[in-house]
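Here you get one chain, nothing else, as structure tokens; it is the form predicted on its own.
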């Protein structure tokens, strides 16, 4: 990727072609956000319902998920660049290191959201609290369980 889209103070590195990890996308995430500019800065539990649509062969893996109120969703930020070492976020006076930000621009653009589970419908999980572009590839779903009280 060229230096296009670099803000003042940002730095990038040249990366070799990625060939190291092999991930399996297990579905796609449906949100009302068509572009990154449409996405809220952080997801909110009173936001719109969004759907996590699993590939049909993974539907049985959802058994028991309806017993939890919150889940973690791991996803691949497929529209993100991967070469910025420092970034100049809007509203910050100075550039800062990529690893000190929650920016989707990362060497490995894996996203993590903790969201409210609304319901499970077959191979779909309906949630509130997502904040990314429609069609984002799904990597995994994990339940958030509260620790038992002593």
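Residue numbers count along the first chain shown, from 1. Every value quoted in this text rests on a predicted model; they were computed, and no experiment measured them.
A second form of this protein, the form predicted together with another copy of the chain, is not displayed here; the remarks below concern that form.
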Exercise. Hey, in the predicted bound form, does residue 114 get a heavy atom within 4.5 angstroms of another copy of the chain?
Worked result: yes
For this session: Evaluate residue 110 for contact with another copy of the chain in the predicted bound form, applying a 4.5 angstroms cut-off between non-hydrogen atoms, and reply yes or no.
Result: yes
For this session: Report yes if any heavy atom of residue 44 sits within 4.5 Å of a heavy atom of another copy of the chain in the predicted bound form; otherwise report no.
Result: no
Exercise. Would residue 139 sit within 4.5 Å of another copy of the chain in the predicted bound form, counting heavy atoms only?
Worked result: yes
Exercise. Which one of 122, 48, 97, 89 is close to another copy of the chain in the predicted bound form, taking close to mean a heavy atom within 4.5 Å?
Worked result: 97
Exercise. Taking 30, 36 and 126 as the candidate spot, are all three within 4.5 angstroms of another copy of the chain in the predicted bound form by heavy atoms?
Worked result: no
For this session: Output the sequence-ordered list of residues from 48 to 79 with at least one heavy atom within 4.5 Å of another copy of the chain in the predicted bound form.
Result: 54, 57, 58, 60, 61, 62, 63, 64, 65, 70, 72, 74, 76
